[in-house]
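Structure 1 and structure 2 below are two forms of the same protein chain, each written out on its own as structure tokens.
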Structure 1
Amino acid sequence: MAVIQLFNEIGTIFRNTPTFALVLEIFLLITVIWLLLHKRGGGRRRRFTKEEEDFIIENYEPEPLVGETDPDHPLLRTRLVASKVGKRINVDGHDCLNLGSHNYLGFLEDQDILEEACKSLRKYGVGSCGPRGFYGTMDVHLELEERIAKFMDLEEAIVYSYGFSTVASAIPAYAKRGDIIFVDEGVNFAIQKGLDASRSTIAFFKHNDVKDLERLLVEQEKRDQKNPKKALKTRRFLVAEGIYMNTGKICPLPELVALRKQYKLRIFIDESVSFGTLGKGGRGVTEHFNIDRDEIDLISAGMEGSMATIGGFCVGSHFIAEHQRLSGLGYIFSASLPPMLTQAAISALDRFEREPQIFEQLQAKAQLLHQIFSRFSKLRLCGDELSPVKHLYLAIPGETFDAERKRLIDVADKCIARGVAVVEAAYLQNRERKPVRPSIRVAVNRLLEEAEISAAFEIIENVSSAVL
């Protein structure tokens, strides 16, 4: 009776199943049976004689595990630092004024921050040994997120353990295949990796060129009118930096916000350089231009610059933060930020709130250095006068980027030997969207004195005049 009922049930299934589905299932069944019974290798293999096997083994040459390395590769040229990093630094045995480290506010040598970090080290140990979603969340992490959100006057923040992975994880957490992202062509490498991971359609506009961005938006609007159904499903993003690491220029945020409203874009701003350097209170490019931070969908920043620690954060609405706790790969799969470095960030925020005059001091030093360094005869200064990051290019371009890079390395080496630590900007040229012109990157420190800046100018001017 049970067997008859089973066959009746099977018959009912076959009668109610569409013909194309039955054909597809039969085809899949035949394919699985063929794969299981088919002998791989295409029939009988030829067996080698003992002499042939010995000959093959004797003449076998394995491929090298690592390919040939360029002897001039920049990673093979190391400079040895034999001191604590601060306003002064010992490089290759030379005591130098440090213009190479991104220590904008001088917090790397702040004793109060160091003591607070040491207290945290004695309390929690060195590392958390786990990602935030498991057993890596400690009270200092929650305190830092709360403090950042309060400082930026936004709903919620999320802290990452590595600055690079912050924006590289945030972008693909929201933008997916089928979306379109409008991006300044001068963005840093971390943003470029986030764009790659998103698999979205990328439209690059000329660096800091709002008119070129508007041209791309108008073209996209025309395409949307031709295919309104697709347009309804396509999300549009705009990505820029507050201060561009690769050029030192400030983004035209008011114009970007105006286009955001006009063309219904979601805007992401990476403030890794501008956070803690721009604005009266150090709140970045939004404060600098007096833009309501609610106009920005996501603000991200690395904490390696003005906060003199490690890690990064994203801040915005509650949704912006909570979504990344489930979709931000750098947050989910990385061990959390070590508690002592988290405490260092909290202590830096304490200084931000307690001594807001430090931002005005940094901006004054950036303007002073910009004014003095604009007088180079063989080098050309690039970057906004308020930016703590500036670039020195050859006044007369070389025949190739490689030739320029070698000459700038020679200038940097000789400057270090004479007591000024500057370095050529490092890029992964074969991985960048397009080759970046070589430069010497200069980082401003709030603790610099006018006499030190003038002395550094004289040394760099003498060296560049002799080398170039």
Structure 2
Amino acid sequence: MAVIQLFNEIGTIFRNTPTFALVLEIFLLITVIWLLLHKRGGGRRRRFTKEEEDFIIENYEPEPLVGETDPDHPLLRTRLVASKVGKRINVDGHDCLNLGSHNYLGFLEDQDILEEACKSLRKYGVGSCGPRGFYGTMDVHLELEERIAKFMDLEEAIVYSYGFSTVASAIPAYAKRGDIIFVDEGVNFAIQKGLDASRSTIAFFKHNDVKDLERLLVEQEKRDQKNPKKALKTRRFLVAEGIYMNTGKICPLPELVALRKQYKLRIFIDESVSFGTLGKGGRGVTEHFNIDRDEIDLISAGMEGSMATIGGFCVGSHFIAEHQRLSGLGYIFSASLPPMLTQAAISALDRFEREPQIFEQLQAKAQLLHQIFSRFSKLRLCGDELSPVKHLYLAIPGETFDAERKRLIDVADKCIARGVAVVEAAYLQNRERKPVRPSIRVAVNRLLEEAEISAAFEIIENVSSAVL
């Protein structure tokens, strides 16, 4: 009975419905069924049968894991150092004057630092056997962080166990997808990797060209005006190096800071070269330009240069630096810096504070070397006068970078054989953002004498004139 009644009801409904509504409903019904069936039928792609799958797997031929390596590749042939590294160095059996190691202040030869490190070894052992979170924090790590913060007159420092990972972890701790980072195109490889890891939008400006940066900032401002909602969520960063490892030039910090204020950027400076070399007290590029360090959001530096140990640190306000203790991947997930190397950094800071004249000595030597090395006939010196890192390029550009590199290697080899250790800067040309022009990278040591620099000049000049 009920069924018949139901049918009657439905019949009434149909009869009372206008035709166009009926047609529409039927059409909708068909669409729904079609969509449902279509989805079940394999979605966007057709499923293979088991036999087909087996066939594909059978025939799948992957590329080899790695390609063949040219046995003459320049990076395969590394030079052997057979002595303690200092002002003199034994390379491939030749006793040389060292113009290649980034031992700017000559601390590698310092007996006091070594003694204190060995004392530390006798207290803590060699390794720390754990990340900072899990009993890898030793009192020396805390002491070093406190000392760096005090030295830089900032609130907080955070120590990493590897120079490369310091800036490469610091950048992605703050910059995320959707943010924008303005970067000098001359930045070193570690910064490039940090940028990659952040997944932010990257805008490169020409090396040390503030005008170009401003152009990019204006473009961004226009974009922001078009989409103000997005602009409210986009963090803006500016990343530069104090002294560029790859060019030896000092960044124009006052102009960068002015732009930071105008365009509300957060500025990160990598001071791997400039820390402990620039400024009256070795406090880096901020001291050099006499800029208040509060203007900079984060300073990072490797300790593998002037401090002559291993690792790196970031220093800034408590608000900024503390964040890395929970977000800096290379900090959280890596074993902490071996205590003896931490102690070496503390001892280096002791020296920084006790003998601030070493920085002026180093800068004087850098200037002296700059003057003397500007006179090469076949090589062109590049880099700032005060910078302890300088590059020698071929005065007459070669046809290709490969050709240039081959000739520079030849020069370096012959210089080493004649008692001056200089090396061509090593780059992974195919992995850099864009190929870097080959050069011989010269590192200045505070302990060099004028006579030694002149003698080195003679040798390099003779060799380069003969070879090039």
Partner chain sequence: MGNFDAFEQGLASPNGNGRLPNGHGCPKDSPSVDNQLKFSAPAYTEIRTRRCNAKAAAESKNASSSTYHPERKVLLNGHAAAAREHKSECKPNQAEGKLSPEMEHYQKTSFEEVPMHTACLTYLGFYLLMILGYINQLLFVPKVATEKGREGYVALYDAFESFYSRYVYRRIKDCWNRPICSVPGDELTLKDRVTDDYGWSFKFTGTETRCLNLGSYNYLGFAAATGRCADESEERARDAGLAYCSSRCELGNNAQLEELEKLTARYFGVEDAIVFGMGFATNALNLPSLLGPNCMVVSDEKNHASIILGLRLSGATIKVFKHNNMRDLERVLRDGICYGNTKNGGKPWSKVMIIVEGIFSMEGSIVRLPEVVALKKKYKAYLYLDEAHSVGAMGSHGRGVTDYYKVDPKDVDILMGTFTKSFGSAGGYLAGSKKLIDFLRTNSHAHCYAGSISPPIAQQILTSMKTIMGEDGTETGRNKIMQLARNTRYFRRRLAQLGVITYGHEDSPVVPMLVYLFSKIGAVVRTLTTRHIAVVGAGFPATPIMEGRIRFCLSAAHTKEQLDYALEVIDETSDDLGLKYSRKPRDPNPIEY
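In this text, rigid core is short for the largest set of C-alphas that superpose within 1.5 Å between two forms. The shown structure was predicted, so the numbers you read here are calculated from the model rather than taken from an experiment. Sequence positions of structure 1, starting at 1, serve as the residue numbers.
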**Asked** Pick one: is 1 or 2 the form predicted together with the partner chain?
**Response** 2
**Message:** Quick check on E25: with the core superposed, does its CA move 2 angstroms or more between structure 1 and structure 2?
**Reply:** yes
**Message:** My question is whether E399 is one of the residues whose C-alpha shifts by 2 Å or more between structure 1 and structure 2, given a fit on the rigid core.
**Reply:** no
**Prompt:** Rigid core fitted, is the C-alpha displacement of E432 between structure 1 and structure 2 2 Å or more?
**Reply:** no
**Prompt:** Cα of E58: shift between structure 1 and structure 2 in Å, core-fitted?
**Reply:** 15.1
